[in-house]
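One chain comes next, on its own, written as structure tokens: the form predicted on its own.
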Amino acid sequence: MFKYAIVRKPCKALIDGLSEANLGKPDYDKALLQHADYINALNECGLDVKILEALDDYPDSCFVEDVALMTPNCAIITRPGAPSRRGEVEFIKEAVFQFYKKVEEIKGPGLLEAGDIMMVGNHYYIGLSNRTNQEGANQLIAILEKYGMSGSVVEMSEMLHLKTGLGYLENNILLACGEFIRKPEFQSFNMIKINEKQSYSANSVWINGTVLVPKGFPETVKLIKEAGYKIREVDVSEFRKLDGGLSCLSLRF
């Protein structure tokens, strides 16, 4: 069960954030409304949400998940693979230290973004992507093992981040799309396969028994409901334009 979440308000420079989506520039005012509803959804799931102020110099800084990994035993400050995002880590540290006494940090030449990390119990799957390299994964695995946890790498070629195409819903149930449906390391899960047209919704988030699902994906909603979960839809259309999903917008622990 999660107790807390950390989010960061979108800054006005959001409209110039990194993107490969080709969906146009986000509407900043609409993004603010969507972010507020996202916070409401976290509250509805029973989380105490710490809201950090916007960072005007970092367009992508609302995607706080990438700059830290919060485990039950320690927190890890990452080193983002996107150079424009590396400065964000200094601004997340104060919030992290409010909740954790044991804080580790990924060092160069390691690269690691937590959007590439999926927690399943005490094990962490780490996607090797354009944003996370083998050195970053090796450092993370060493840290996890130091605190009694484990990690393994997942080779990937299609997705921006591991969790772009995966969502673990607890109880051995895994949302998956694209290349991850075929990966041998995920065949032991009860897999809910998401088709290509609905692929964005693979980044759905389990929080204390409720699954947050991006708005506009009725087939995915139906499949998750059939698996026995309560659903809360959240409109994140403006963040999708920046390759961002539901998990990217918060640190949950």
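Everything numeric here is computed off the predicted structure, so don't read it as measured data. We number the residues from 1 along the sequence you see.
There is another form of the same protein, the form predicted together with a small molecule; it is not shown, and what comes next is about it.
The small molecule in the model of the complex is not approached by residue 233, whose heavy atoms all lie more than 4.5 angstroms from it.
For the chain shown alone, residue 115 is a contact residue for the small molecule in the model of the complex, at least one non-hydrogen atom being within 4.5 angstroms. Interface residue remark: residue 251 is not counted as part of the site for the small molecule in the model of the complex, having no heavy atom within 4.5 Å. In the model of the complex, no heavy atom of residue 13 sits within 4.5 Å of the small molecule. Judged by heavy atoms within 4.5 Å of the small molecule in the model of the complex, the contact stretch among the candidates 65 to 73, 32 to 40, 208 to 216, 180 to 188 is 65 to 73.
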